[in-house]
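To begin, one chain is listed below as C-alpha cells, in the form predicted alone.
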Amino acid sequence: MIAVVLDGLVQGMQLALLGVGITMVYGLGGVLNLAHGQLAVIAAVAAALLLEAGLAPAAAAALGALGAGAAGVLADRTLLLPAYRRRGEERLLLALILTLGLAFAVDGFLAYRYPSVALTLRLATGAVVIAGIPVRTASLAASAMALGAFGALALFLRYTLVGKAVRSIIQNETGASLCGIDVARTRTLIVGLSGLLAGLAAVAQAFFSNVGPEMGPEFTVLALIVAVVGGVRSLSGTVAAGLLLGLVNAVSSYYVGTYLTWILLLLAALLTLLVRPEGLLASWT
C-alpha cells in the first residue's frame, strides 16, 4: 500500500505541473489554453529528436522543455493578441476557439511529420531501497524535477518584482496597468513559463512511458481537471488537487482498474464544482 501511495504522490506532482501552467495563464490573462497539452508534446518530440541527434538526455530534455516555453511565447505574441484586445467572456470565448484551433493544428502537424517519434527516458538504476521500501529511481527523478520547479516558481512569485507584478495583475489588471506595470510583457512571460512547466511534465512522464504526438489532448484534459478541482485562480489549490487526483489515480488503478480511472477523475471534478466551485483552496499562493 505504501508503494501505491508513493506512486500516487509522484503522479500527483506530474499532474500539478500540468495544472499549474494552465491555472497561471487563466488567472493572469483570463485565457483557458486548450493547446496546453500540445505544448507538452512539443517538448517531448523536440527532446526525442535531439536525443536521436546525439545530445545527452539531460540536455535534450532541458532544451525540449525550453522549446515548449518558446512555443507558448510565440502563441501569446501572435495568435492570442486578438483575444487580449477583448474583455471578460469575449476574451475567454475567443481564446478558447483560437487555442482549440492551435491544438488541432499542432496535433495534425506532429502526426503527419513525426508519427513515430516518442520520448522515453530510462535511468541506469531501476530502483533503490529507502527505509526498507523499494522506490523507483524514475519516481525520485520525476519528484525532484517537480519539487524543484514548484520551489523556483514560489520564490519567483513571492520575492521578485516581476512575481509581485504578476500577483498585482491577477488581483486587478486595470489597476496594475495604471500603476505602470507592463501587463502584456508580464503575461507573455507567464505563458512562456506555463509552456515550460508543461514541457517538464512531459519529460517527467517520459521516465515511466513513451510520450508521443498523440498525447496532447490527454495532457490538456488532465490539466483542466486539476485546474477545476484546485480552483482556476489558485496555485496552491492546483498543487493540492494534483496530489489528490494522483492518489485517486494510483489507488483506483491498483484496486479497481485503469478503465475506471478517467471516470473517477471526472467525478472528482464534478463533485468539486457542485460542493466547492471555487476549488479546494480559494487563494492564489
Partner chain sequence: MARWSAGGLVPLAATGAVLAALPWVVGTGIYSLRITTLMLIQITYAVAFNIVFGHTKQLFLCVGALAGSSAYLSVILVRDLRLAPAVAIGLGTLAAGALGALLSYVAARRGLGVIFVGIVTLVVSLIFQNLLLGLRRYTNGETGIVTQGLGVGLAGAATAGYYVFLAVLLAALCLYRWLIAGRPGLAFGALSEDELTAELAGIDVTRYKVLAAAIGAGLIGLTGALFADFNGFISPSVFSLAHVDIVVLIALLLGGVRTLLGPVVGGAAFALIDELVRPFGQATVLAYGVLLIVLFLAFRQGLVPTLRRKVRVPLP
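Residue numbers count along the first chain shown, from 1. Basically, rigid core = biggest C-alpha set you can superpose within 1.5 Å across the two forms. Remember, it's a predicted structure, so these values are computed and weren't measured experimentally.
Note that the form predicted in complex with its partner chain isn't included here; everything after this is about it.
Annotated contact segment (heavy atom within 4.5 Å of its partner chain in the predicted complex): 223-231, selected among 238-246, 63-71, 37-45, 223-231. In the predicted complex, R86 approaches its partner chain with a heavy atom inside 4.5 Å. Taking non-hydrogen atoms only, M215 never approaches its partner chain to within 4.5 angstroms in the predicted complex. When its partner chain is considered in the predicted complex, F156 lies well away from it, no heavy atom lying within 4.5 Å.
Although the partner is absent here, A111 sits close enough that one of its heavy atoms falls within 4.5 Å of its partner chain in the predicted complex. For the options L123, A144, A127, L92, the residue carrying a heavy atom within 4.5 angstroms of its partner chain in the predicted complex is L92. The listed set A250, L32, L49, L28 contains one residue whose heavy atoms approach its partner chain in the predicted complex to within 4.5 Å, identified as L32.
Residues of 100-124 that come within 4.5 Å of its partner chain in the predicted complex, judged by any heavy atom, are L100, G101, L102, F104, A105, G108, F109, A111, Y112 in sequence order.
Core-aligned CA deviation for I263 between this form and the one not shown: less than 2 Å.
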